[in-house]
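Only one chain is included here, represented as structure tokens and corresponding to the form predicted on its own.
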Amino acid sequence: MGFLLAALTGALAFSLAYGTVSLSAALFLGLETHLVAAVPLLAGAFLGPLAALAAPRTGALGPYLLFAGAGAMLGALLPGALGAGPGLGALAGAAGGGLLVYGLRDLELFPPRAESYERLALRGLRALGFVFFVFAVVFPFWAMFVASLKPRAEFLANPADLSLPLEVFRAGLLPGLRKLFEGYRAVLFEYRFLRYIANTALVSVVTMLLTLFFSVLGAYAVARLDFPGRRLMERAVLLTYMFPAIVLAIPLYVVFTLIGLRDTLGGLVVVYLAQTLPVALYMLRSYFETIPESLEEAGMIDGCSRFEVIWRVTLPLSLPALASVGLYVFMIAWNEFLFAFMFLDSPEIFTLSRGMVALNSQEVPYQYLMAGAVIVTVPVMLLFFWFERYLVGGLTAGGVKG
């Protein structure tokens, strides 16, 4: 029974690896692949029992290298499985061998236990989920990026071709790079996106700093001070989120026109501050309540004022929450479209989301629209990956007390 289970695991691991590599080569490289299902099934069924006998343990690199190499050899010897040459077959085989060892590591298969079936099923679902979500996240961005590199005629000739247009380099490296990134040059300089980037960065940073300043004071007051209406304020802080932004857009437009804040970046900052301050207060209040009051009391015994305690004790202990709130506010201000579209009329103060409207036209090449979308997306995406550990820690902090 153990050998049968290992063979089945190997067949599934190699099928998943070959299918993923075949789909990736077709979507991202434009290669014509023809997956022969029998090859990964037989290769995996053959290597599965051998991998089970090797009894891989967590942290042992040897079994991974051994069976990745064996899978690569089988893939290179049977290139017809993908129909795209031995190199791609070797890559798929190596991925299948590594995935096989990952699935069988630390399992008791001789004889198999009930726990082994459960762990194998969970690992298989985890691998499938990982592949699915990677494709779901990477594919739209890759399609947008490739479209930003191709002229409209080439893109419309074959919209399903998502391979990089490397033929532009036949004229040389520098001419090829100029032609490849022509859309980005036009968007940044001809359509003034450099100025829009500066405007958006200014609005986002100012909104983030103001939100952090006011939310720290408000959240600390709710978490530590006792005053009339404290509980009501604590429960009503998110009340503004009951009203959709579109409901507030028209009244705000009228009021800001009357007081002269429409068509100014300052007015946009005020709107964004009202949008982000409630949830920032809520997140920081939950975090401040997890900090032991004894630490602040010790600071006050040593002669610190309340503001000095906040600055010297509370804020240093709250860096994960501050980072997560700051990133959250920055992303909202960077990506916001509705109020920027309604309030800004002068091109000199357009933000990126407002400037994208100018690219959504029949007169503007589709390549430029996609280049603008990449420019809008990449900075926030990089910031998110850089501060992801703080974001997760700050969002979950305060969920458990004691």
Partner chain sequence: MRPRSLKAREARLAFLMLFPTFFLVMLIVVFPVLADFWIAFKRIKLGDLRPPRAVVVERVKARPRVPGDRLVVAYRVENRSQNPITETRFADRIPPGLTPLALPPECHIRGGALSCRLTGPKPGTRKELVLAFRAEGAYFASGRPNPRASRPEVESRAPNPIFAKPFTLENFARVFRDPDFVPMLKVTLAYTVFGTGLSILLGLFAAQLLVVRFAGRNLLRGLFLFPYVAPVIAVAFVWVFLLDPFAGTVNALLLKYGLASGPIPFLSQRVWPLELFGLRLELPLALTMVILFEGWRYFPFAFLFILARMQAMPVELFEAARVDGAGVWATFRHVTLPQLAGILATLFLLRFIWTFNKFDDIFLLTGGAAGTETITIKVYDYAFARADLGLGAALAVVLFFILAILLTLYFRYAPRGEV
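The term rigid core refers to the maximal set of C-alpha atoms that superpose within 1.5 Å between the two forms. Positions refer to the first chain, counted from 1. Model, not experiment: these values are computed from the prediction.
Same protein, other form: the form predicted together with its partner chain, not shown, and the subject of what follows.
In the predicted complex, at least one heavy atom of Leu281 sits within 4.5 Å of its partner chain. None of the heavy atoms of Leu194 is located within 4.5 Å of its partner chain in the predicted complex. When contacts are judged by a 4.5 Å heavy atom cut-off, Arg235 counts as touching its partner chain in the predicted complex. Taking non-hydrogen atoms only, Val134 approaches its partner chain to within 4.5 angstroms in the predicted complex. Site residues Glu32, Phe141 and Leu252 are all in contact with its partner chain in the predicted complex, judged by any heavy atom within 4.5 Å. With its partner chain left out of view, the stretch that reaches within 4.5 Å of it through heavy atoms in the predicted complex is, among 317 to 325, 196 to 204, 272 to 280, 175 to 183, 272 to 280. Checking Ala298, Leu77, Leu166, Leu125 for any heavy atom within 4.5 Å of its partner chain in the predicted complex turns up a single hit: Leu125.
Taking a 4.5 Å heavy atom cutoff to its partner chain in the predicted complex, the contact residue among Leu50, Ala68, Ala45, Met342 is Met342. Contacts of stretch 198 to 229 with its partner chain in the predicted complex, defined by any heavy atom lying within 4.5 Å, are made by Phe214, Leu217, Gly218, Tyr220, Ala221, Val222, Arg224, Leu225, Asp226, Phe227, Pro228, listed in sequence order. Relative to the superposed core, Arg119 undergoes a Cα shift of 2 Å or more between the shown form and the other one.
Core-superposed comparison between the shown form and the other one: the Cα of Gln362 travels 2 Å or more. Relative to this conformation, a decrease of 3 Å or more in the Cα-Cα distance between Gly355 and Gln362 is found in the predicted complex. Relative to this form, Tyr18 and Ala160 approach one another in the predicted complex, with their C-alpha atoms ending up at least 3 Å closer.
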